[in-house]
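Listed next as structure tokens is one chain, alone, in the form predicted alone.
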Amino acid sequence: MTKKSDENKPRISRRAFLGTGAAAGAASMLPAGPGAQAAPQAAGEATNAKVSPPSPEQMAREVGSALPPSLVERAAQRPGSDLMVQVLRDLEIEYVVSNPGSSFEGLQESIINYGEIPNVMPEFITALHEESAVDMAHGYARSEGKPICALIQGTIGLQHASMAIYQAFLGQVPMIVLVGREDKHFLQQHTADDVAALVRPFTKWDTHPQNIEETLDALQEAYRQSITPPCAPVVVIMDGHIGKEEAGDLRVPAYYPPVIPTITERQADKIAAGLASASNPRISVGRFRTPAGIDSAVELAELVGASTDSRSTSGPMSFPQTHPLTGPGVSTEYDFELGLEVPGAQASVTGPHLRTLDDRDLVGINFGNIRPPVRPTPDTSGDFDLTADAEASLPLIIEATKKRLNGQAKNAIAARTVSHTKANRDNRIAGLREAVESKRPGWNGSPVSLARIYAELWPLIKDLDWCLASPSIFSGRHHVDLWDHDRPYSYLGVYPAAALGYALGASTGAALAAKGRDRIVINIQGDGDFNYSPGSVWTAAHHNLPILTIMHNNRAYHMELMYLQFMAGVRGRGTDRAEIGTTFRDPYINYAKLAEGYGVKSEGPISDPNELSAALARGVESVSNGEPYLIDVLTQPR
């Protein structure tokens, strides 16, 4: 059978189907601000096209009983949803990730059709589940330090997405959740008076605008709120009819950036005095909001020759692991310790905790790790702890420190830097040798050693721009001492809510960030996590995302299996039935075939460790060419 070329395929006009008789006024909206110019007419649109609406029979055949409200008059020539897209474009929102719904078809149509170059900034990304959509936005935000949008369908979609929103909230990532709200005459199961209340206790901010102008303001404020510490998901409820209304000559409002709280100049000078006068200063670095914070931290550490502690093997946006100053230094007798987004002995600068959002939990849920502490905690406070954003405060500290360094101090710093560099290099080499020896047990065993997966993958990716997007807590964290974590997104960290179902979607979101940036994403994927929302595999295939998924296929919820074995053992009942409810047996799951069914190149299951290296090489080559790849590996439990 001969396959027809794309040119010969019949094409369906969405505008003809909807019967809008639409115009190209969509592209005539003028963005506000200095130097703003009229946007060109959208390519391919005619201003006075006449089309016939579908017949009742055609509509019944297409949509069955779920008929949308009838359109008596022609649709808006300059719909409000076009302006909404322009706001997102001006904010440089790269993607809107969504499982499509009937409450926001106006906005979706504008995303894919508005502008001279439609469906770009933002691009509409199809997710097969609302939880996956939010997880993708989560993974993107961890990679880039800025938000994209998850577009969600009303009450039902938001309930699907709620666990992922909770996880993103605890992960303190910037994210804009747009929730479509149904017309009062259509699908009442999908609407409510206060939809945002479903997720209010674990979001930072929400609003429900009542017209086009309020919606444009709300989108800008949502962006500001999401990127202002404490960063967290925000929610905008979008009434579907507003995007379909005529915008007339309404203009996009001018955007103003948020004011990020910093320490004062006096406080910066006090920290600078401690750093400049110390003979062995120490800087501990946690997680910044964006890569700019890392650059400033490197500048400060090099300015004073401070040995530096990094969290780069625990999560994103921290100090480079192999920087010459990273490590304990020549001596651990530090006389001034500064913490940046982590505690410090003499001083620390840390942004506000999620606990400060104490007006959101109106029903008193009191989630465990964001409620006020209920038990005594170790005293890790320093002498001079400041609540402010470290990234925004660093320029003040750097300038104050420069003013305090004379020629004699600079000479001492140069000598200290040389000593720290040698000591840290020796420490790194010793740690690597010890790590290599610790990985040898089980190297040739079957099922495959998890250490061998990490070890054999490293030579294939070390010279590439890579991101390990999946949590590694269940796969042994072998990357910590075998790989070099020197980029803001080298490792994206653990499950913030300790909730499965996150890794595949978040890794796909990281791959969205990687696409077009000559970067690849590594996903060491737990089998239990995969089965929650496997549809992200199709999203990766459909959008040609550079993600290499390596299945950590131990055929079990292994932690729960261990718990059950322990419980049966201490009760004296034996462990021979502990696999009930904790393992994937009878039948086993073939993840390579699942991936193939979704359109992703795949191979496996691999149980012979000698076949692993060649498979990894094929996978890396595929994703380096922009094609996702999955390798199903039968692995040791942990």
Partner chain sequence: MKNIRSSVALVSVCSVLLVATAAGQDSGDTDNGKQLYFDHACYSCHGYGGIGRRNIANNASGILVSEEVFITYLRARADQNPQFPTQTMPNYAASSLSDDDARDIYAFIRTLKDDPPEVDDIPALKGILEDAETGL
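Residue numbers count along the first chain shown, from 1. Small disclaimer: the values here were computed from a predicted structure and weren't measured.
Although it is not shown, the form predicted together with the partner chain is what the next lines describe.
_Counting any heavy atom within 4.5 Å as contact, can you tell me which stretch out of 560 to 568, 266 to 274, 284 to 292, 141 to 149 lines the partner chain in the model of the complex?_
Result for this chain: 560 to 568.
_Contact at I429, K439 and A455 by the partner chain in the model of the complex, all three, heavy atom at most 4.5 Å_ = Yes, the whole trio is in contact, each within 4.5 Å by some heavy atom.
*Considering only heavy atoms, tell me if P257 and the partner chain come within 4.5 Å of each other in the model of the complex.*
Outside the cut-off, so no.
*So, in the model of the complex, is P459 in contact with the partner chain at a 4.5 angstroms heavy atom limit?*
P459: yes, in contact with the partner chain in the model of the complex.
_Can you tell me whether G574 touches the partner chain? I mean in the model of the complex, with a 4.5 angstroms heavy atom cut-off._
Yes - in the model of the complex, heavy atoms of G574 and the partner chain come within 4.5 Å of each other.
*Quick one: is R425 in contact with the partner chain in the model of the complex, heavy atoms, 4.5 Å cut-off?*
Within the cut-off, so yes.
*asked:* Looking at A400, L500, A75, L482 here, can you tell me which has any non-hydrogen atom within 4.5 angstroms of the partner chain in the model of the complex?
replied: By the 4.5 Å heavy-atom cutoff, the listed residue in contact is L482.
*Within 4.5 Å of the partner chain in the model of the complex, heavy atoms considered, which of R517, K184, R433, K410?*
None of the other options qualify; the answer is R433.
*What are the residues of 604 to 638, in order along the chain, with a heavy atom within 4.5 Å of the partner chain in the model of the complex?*
T635, Q636, P637, R638 sit within 4.5 Å of the partner.
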